[in-house]
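In structure tokens, one chain follows: the form predicted alone.
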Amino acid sequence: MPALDVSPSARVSELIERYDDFLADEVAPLQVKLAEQGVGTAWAPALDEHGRMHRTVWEARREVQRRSAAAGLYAPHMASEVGGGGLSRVEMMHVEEFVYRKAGLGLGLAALAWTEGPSPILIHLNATGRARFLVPLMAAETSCAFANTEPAVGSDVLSMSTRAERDGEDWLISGHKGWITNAHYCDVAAVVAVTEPGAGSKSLTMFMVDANSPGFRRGVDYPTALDDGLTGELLLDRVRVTDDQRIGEVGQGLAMALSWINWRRMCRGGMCAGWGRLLADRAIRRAKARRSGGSPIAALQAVQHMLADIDADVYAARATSLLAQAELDELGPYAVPLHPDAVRLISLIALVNDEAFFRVADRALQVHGASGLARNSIEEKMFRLARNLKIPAGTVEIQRNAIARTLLR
């Protein structure tokens, strides 16, 4: 195999400069304004009486998204034909790494479309569907929720009970979705439903559903370790959707859902590289500044070993991710169906980063000692984030299963 180029491209270097300016000029003042309102922060928001993220914090995030979209920075991962930046996965990893390291846990993370923004699979909407759903998502005028999981069904998606039945030219969707990010505030939801029971991998179809549709209801908040008030349930009672709201073909719902999930798995590379280096930088500064027995704790071999292990994990996970992203660019990261080798590479990115970042967050907190345990300190929140990452978008066990299947096929 010829050598793969994983260095930042010229357009990535130019983009990073623009993100740097955007975070300083647009986001920083909004973050100061948010801090003055007594509603918490982007990473530790106050919660309302229903346990949901305080709407003021949510609106601050939405304002960053809208400004980022207006500046042409919100969706560089999307194809240029739909108004995105058309960046490769290697290029996106460099961008994501910069933004996550620079923004930390602040409002700046909203500068990049996350799961509530436009997913690459929405290119599979027809022209009418794109105009209705994708265009406003690209402009950050609306936000989305990925409604796949159910209260009793996680990775075993073929066991879901949500149904979409034909009614003339339309569909009627009924079901109960749980553990849904952005359930409380989404304008639209990408809902996966059974359209042909018993058809195995062809039994599911995905639809874009307007949250204002009759029969669409938001359920309770699901408190999680992240304590951000953004996870909850969605209930659908004979919600009518047109066939123009279908994503992909009938029976392609499993492939569409996996493509959405795989997008988030691939983003682990830049996320964990950026946050990992941020934690490493903070741990090094702490080790130099904190004194014990008259000397900086950086002089202690035990602390030196923790710093070395942090650096090794960040470096190894980043290198693995960049190489895997480069190989994915050759294979097609969003192809439907995916090349079998792409399945393995995506799971490798998720597994290596989820495991390594958890060790990094654990050791970084340890270096900070008691102050690292302070509720909602950077280290304490990152530790909870790191533990959380090992479950959503497919558990680390599911990633191992996928890798093993590819190796043994």
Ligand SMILES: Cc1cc2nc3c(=O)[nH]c(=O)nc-3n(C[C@H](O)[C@H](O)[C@H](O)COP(=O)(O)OP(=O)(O)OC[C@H]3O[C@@H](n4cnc5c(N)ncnc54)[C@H](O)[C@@H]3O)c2cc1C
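This structure is a prediction, so every number in the text was calculated from the model and none was measured. The numbering used is simple: start at 1 and walk along the sequence shown.
From this point on, the text means the form predicted in complex with this ligand, which you will not see here.
With respect to this ligand in the predicted complex, the three residues Phe146, Thr181 and Pro392 uniformly fall within 4.5 angstroms at the level of their nearest heavy atom. Partner contact region in the predicted complex: 225-233, out of 225-233, 96-104, 211-219, 195-203, criterion any non-hydrogen atom within 4.5 Å of this ligand. Taking a 4.5 Å heavy atom cutoff to this ligand in the predicted complex, the contact residue among Pro76, Gly248, Gly154, Gly129 is Gly154.
When contacts are judged by a 4.5 Å heavy atom cut-off, Ser9 does not count as touching this ligand in the predicted complex.
Contact annotation for Ile398: at least one heavy atom lies within 4.5 Å of this ligand in the predicted complex.
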